[in-house]
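Below sits a lone chain in structure tokens, taken as the form predicted alone.
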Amino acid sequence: MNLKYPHLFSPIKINSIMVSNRIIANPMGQVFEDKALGRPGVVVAGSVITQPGKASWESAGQPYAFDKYEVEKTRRRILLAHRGGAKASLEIAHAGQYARVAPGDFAMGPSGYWREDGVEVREMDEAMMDEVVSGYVRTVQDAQAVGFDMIFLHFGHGWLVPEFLSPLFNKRTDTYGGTIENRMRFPLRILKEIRKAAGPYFPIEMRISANEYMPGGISFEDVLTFVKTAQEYIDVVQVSCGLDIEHEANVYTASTNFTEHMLNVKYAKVIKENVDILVSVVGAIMNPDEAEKLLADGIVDMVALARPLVADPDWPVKALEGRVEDIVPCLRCLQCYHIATNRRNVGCSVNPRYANEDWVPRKLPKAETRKRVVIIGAGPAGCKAALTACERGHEVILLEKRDHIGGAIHYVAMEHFKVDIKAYLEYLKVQIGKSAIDLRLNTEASPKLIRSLAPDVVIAAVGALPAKPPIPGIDSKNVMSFYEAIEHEERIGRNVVIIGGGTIGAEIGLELSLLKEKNVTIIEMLNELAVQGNMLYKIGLRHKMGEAESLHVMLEAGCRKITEEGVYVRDKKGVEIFLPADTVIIAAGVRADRALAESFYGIVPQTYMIGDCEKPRKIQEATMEGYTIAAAI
């Protein structure tokens, strides 16, 4: 077989087991069956805790996975992981000071304090340490006994073990605190006992955070010292970064679009040069080309994927078959992450099945009756509806008034920090091109045209229009829309005022200041920027904006008047300020084009509105609407 990615799909031996390829499917929650069917080399089949009542980041009542009434469910994880030929691993963790405990109970950590939620964290004494070590040993032995091929020790992201390693958490003055030699004493004790109990031939992988991205966090030099010492007990070290509960650092554990791809490779490379065990790396390895190069260059031995396999669980098998253009790209929007979304609307922007596995099938069945489906508008919602209806076997006509597909993301993809959305736009173009969809560009839909097509179903996905606030002078020569600003950056002057600090306005301002060195002021009437963004997106945005010295933000401010010389603004104290501006960009959001969408009703009974023409949407919501409507036809 002539492989496009020979290094990615070369076998590797981890201690006593042979793995068919170099891809590790990292855990994200307890659902992993789709990832297993996508044929990675290793599937980490969810996580388990070591100490019931004291170790869970989920709930105080989380059961021990190997108890009498849980063990068979745990064993089934192995069967599910093996379905695609992968080796079954299991994440073993202890939440330490962040553990969810019963009311009145205490959590444990390297140092004592009271948490903000009123829970006491007690400094661990020798007896507590003995209990933790025993819990790890028991869990590893139980995992071996039921048939897991290997284990994955979560020693990163600020849970119990890294709490001992990091001076951010470890404030002890005894033999377990201070120097790295002291701080790693307890973690090494855990590893030593695990290896002793598991025996020399059982594969053990350990995750670490190479950089905690917090002031006072562990240095990389100390991380390297720990890994070099720990290597005698483990077979693979997985290099990650950041912290989980500390949200300012979580944006690096789960990186946003403002972070470069492969952000942990620089650390993995140094670790690889200093150890004799296998090294894997996780963190924004987005496509097979990136993964292949890391392996071909000898920087790491394996690559671990998390969110890319949420976007497309079949990423590995598509790469194996050379169908890279069919891989659905992850947008790094973090809508799949409950912390980012505050557990609201958790899902994937490009994969409707994620978090909806109980009702969205892995493969759509063909429709019993073939229908003619006419879709008006080729934005994210319209494209998804067209591809879904086509997959169901319907005749699909997709009308688009412009000379390109993509709708709003055609413009968004032009922005510097939107390379992942650009990849998704290219994916949509390729998929529509490969399909039987009758795409008609430069075609303005009207009720008359739609009637002439004799559809059985009409889906209006006509999008939204840029909002134009009633500001005196808004038609001045120095004023442009955000679409025009993105598409024609050469028309933008040196001094820029942006009216509206939503996600689009904020990112345009960031790019113009940080990359183009323009003087930019963003005027936002609310008390925060990017109000539509999720929490981690907003933190990532703020971090990146901190690098832009010529970017200024005025919150709770309103634009009073625009002239050809600049903008009059009233700040939050009611003071009127004049801001000189060569260019004024209106980024005040969009409004649904409901009138146009509603004009297509009455032609056929089965008529639907989806996407921004119903209400301004996130890509996730547009994708889901396009899928659900079309899947039911």
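Worth saying up front: this structure is predicted, and the values here are computed from it rather than measured. So that there is no doubt, residue numbering starts at 1 and follows the sequence shown.
If you look for the form predicted together with a small molecule, you will not find it shown, but the lines that follow are about it.
message: Heavy atoms within 4.5 Å of the small molecule in the predicted complex: which stretch in 215-223, 143-151, 432-440, 246-254 meets that?
response: Of the options given, it is 246-254.
message: Just to be sure I understand the contacts: of Lys87, Arg307, His394, Arg77, which is the one whose heavy atoms reach within 4.5 angstroms of the small molecule in the predicted complex?
response: Checking each option against the small molecule in the predicted complex, the one that comes within 4.5 Å is Arg307.
query: Heavy atom within 4.5 Å of the small molecule in the predicted complex: which of Gly509, Gly283, Pro316, Pro380?
result: Checking each option against the small molecule in the predicted complex, the one that comes within 4.5 Å is Gly283.
- request: Indicate whether Pro27 is a 4.5 Å heavy atom neighbour of the small molecule in the predicted complex.
  value: Although the small molecule is absent here, Pro27 would touch it in the predicted complex, with heavy atoms inside 4.5 Å.
- prompt: Taking 4.5 angstroms as the cut-off for heavy atoms, does Tyr337 touch the small molecule in the predicted complex?
  reply: Answer yes; at least one heavy atom of Tyr337 falls within 4.5 Å of the small molecule in the predicted complex.
query: Does at least one non-hydrogen atom of Glu91 fall within 4.5 angstroms of the small molecule in the predicted complex?
result: Yes, Glu91 is a contact residue.
The small molecule contact in the predicted complex: Arg183, any heavy atom under 4.5 Å: Arg183: no, not in contact with the small molecule in the predicted complex.
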